[in-house]
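A single chain comes next, written as structure tokens; it is the form predicted on its own.
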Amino acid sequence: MTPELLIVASLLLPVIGALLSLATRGHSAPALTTAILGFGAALALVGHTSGGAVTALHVGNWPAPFGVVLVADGFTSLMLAVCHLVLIASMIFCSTSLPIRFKRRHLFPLLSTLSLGTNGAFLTGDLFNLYVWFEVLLLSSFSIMAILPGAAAKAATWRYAVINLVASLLFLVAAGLIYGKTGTLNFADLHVKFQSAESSFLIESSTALLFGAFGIKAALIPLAFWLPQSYPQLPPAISALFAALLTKIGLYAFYRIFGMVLVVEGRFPHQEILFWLAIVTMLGGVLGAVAQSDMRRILSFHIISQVGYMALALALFSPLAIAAGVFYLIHHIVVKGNLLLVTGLVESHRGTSRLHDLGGLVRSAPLIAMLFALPALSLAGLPPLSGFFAKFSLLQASLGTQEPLAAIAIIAVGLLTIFSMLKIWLAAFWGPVSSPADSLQKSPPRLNLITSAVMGLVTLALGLFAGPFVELTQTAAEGLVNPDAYLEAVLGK
């Protein structure tokens, strides 16, 4: 199949899955089948772009920058593949472990449309359509959160919706200002125009608005207060998907817009501000995690902390740093998604994720303990797992760019991450059983155990066979730092 057809398939498959799932009254099989096919298409795109090739599909044969263009490069393909992997795992958990009320509310069609918005955001080649695809995935996520019962869940849904709508408003205003100044919203054309554009208040203000919009969506401190109040209210099967997709879309937009489109003479607007916010996000997120006593909340704060690592990679803005950031994105999507899925296994077994109500899981559920230990050690950055290579590469990049403060933050936050993972292990898995006569213990669905084990194997493969993955991330980073192939594919010679 040609790359152009693979791009089309990446957008059509979620639509087909949503429609068939609706036609079958919310059955999971159509959505899961199309997600698996989408994963295959994404892997094929990874193969096509692994050598640095870029494919542009001009919708309706309108030439850029006048028409809609869809673009697949190394960065896009990797993000499509790894997000589809977590989507499949999340759908399996949703089909086996969620209460029936979730399925009655069209959950699987919404998961498919969430995937559609994510795929579109990765593939789009212009700023306005990035906004449109953001709204598709946000409306899907709003609808999924609205299914949740209880006053706390409703309050979390409102908080999540309002802050993300504010981000969308900032995004739309910024796009309008940029179009008014440059006359285009096409990424490639904007990159060319910005090389010759004189600095002006209009450009500075519009990029500041974009920075705020992406900062909210990526959950950078101080714009991250909504995340630990919203994600713990979700069932782990859904929060795993949200953690893998939603904040990473914000980071993807940062990398694509600030790391490629807006770069002039090796720098991008507000780079120093991003550097400081990244360090604050790393420290604030991990300190928040250390202070929690619930697995869901600990892992939610760790999402914020790890976002700081990936933002720091962009702020350093060297080829090694960008490659480390892309590798960190892939590692974190897999590892964090699996940790939240394992939290679902713990809740299926013991009925809670509160640390003081757990204990002794290493004896009562040794398989769940092993499934937790692998991604937890990877998140902490211990060799030879993927987290070690991600943090070590970022540490090298910080030293290479002569940023000792960044290096100190990477090491300090890594140690605190180890401490918080040990906190979960000692309280929930190794500690004494809080309720010896606990009648709630039961075995999680076998398919969920297998799914989490497969995710663990992927984590292990990212570390033990890091070489090929590092090469792919280096190719993706090269495409961002030196976008000549992207410009030629979109604009022509």
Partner chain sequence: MDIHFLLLALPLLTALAAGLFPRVIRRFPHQIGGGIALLFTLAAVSLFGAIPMEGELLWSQQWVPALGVDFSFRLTAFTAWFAILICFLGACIHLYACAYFAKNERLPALLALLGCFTTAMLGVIWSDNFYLLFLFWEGTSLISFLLVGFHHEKGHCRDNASQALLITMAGGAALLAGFVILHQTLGTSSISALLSDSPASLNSAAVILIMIAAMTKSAQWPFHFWLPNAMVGPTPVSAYLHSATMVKAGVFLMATLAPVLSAHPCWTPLLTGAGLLTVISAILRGGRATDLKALLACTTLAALGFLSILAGLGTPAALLAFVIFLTAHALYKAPLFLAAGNLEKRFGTRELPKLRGAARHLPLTGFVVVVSILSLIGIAPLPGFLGKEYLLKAAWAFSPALAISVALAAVGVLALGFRIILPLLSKNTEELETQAEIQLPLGMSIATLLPALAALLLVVLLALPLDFLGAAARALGAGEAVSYQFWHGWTPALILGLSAIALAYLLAKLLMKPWKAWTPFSFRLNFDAYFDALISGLRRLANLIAGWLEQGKIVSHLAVILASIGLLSCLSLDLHLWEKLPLTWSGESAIFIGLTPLLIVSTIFAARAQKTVSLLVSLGFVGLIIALLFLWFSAPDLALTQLMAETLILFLLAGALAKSKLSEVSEPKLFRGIFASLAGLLVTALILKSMTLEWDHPVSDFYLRESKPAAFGANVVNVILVDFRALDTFGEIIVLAIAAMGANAALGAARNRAPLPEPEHSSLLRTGARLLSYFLLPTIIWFFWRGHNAPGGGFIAALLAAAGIGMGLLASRNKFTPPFMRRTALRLIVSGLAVSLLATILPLLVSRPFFTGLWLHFDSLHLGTPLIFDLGVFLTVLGFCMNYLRHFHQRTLA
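Numbering follows the first chain given and starts at 1. Predicted, not measured: the structure shown is a model, and the values here were computed from it.
What comes next is about the form predicted in complex with its partner chain, which is not displayed.
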### Message
in the predicted complex, does every one of 94, 454 and 486 come within 4.5 Å of its partner chain, counting any heavy atom?
### Response
no
### Query
Does its partner chain come within 4.5 Å of any heavy atom of residue 40 in the predicted complex?
no
### Message
Since only the chain is shown here, I'm wondering whether residue 393 would be in contact with its partner chain in the predicted complex (any heavy atom pair within 4.5 Å).
### Response
yes
### Message
I'd like to know if residue 235 sits close to its partner chain in the predicted complex, meaning any non-hydrogen atom pair within 4.5 angstroms.
### Response
no
### Query
Hey, in the predicted complex, is residue 60 touching its partner chain, heavy atoms inside 4.5 Å?
yes
### Message
Counting any non-hydrogen atom inside 4.5 Å, which residue from 54, 46, 458, 70 sits next to its partner chain in the predicted complex?
### Response
70
## Note on the structure
Students should find that, of 273, 367, 98, 264, the residue having a non-hydrogen atom no more than 4.5 angstroms from its partner chain in the predicted complex is 273
### Query
330 to 338, 127 to 135, 348 to 356, 309 to 317: which one contacts its partner chain in the predicted complex at 4.5 Å, heavy atom to heavy atom?
127 to 135
### Query
Can you tell me which residues in 3 to 39 come within 4.5 angstroms of its partner chain in the predicted complex, by heavy atoms?
5, 8, 11, 12, 15, 16, 19, 22
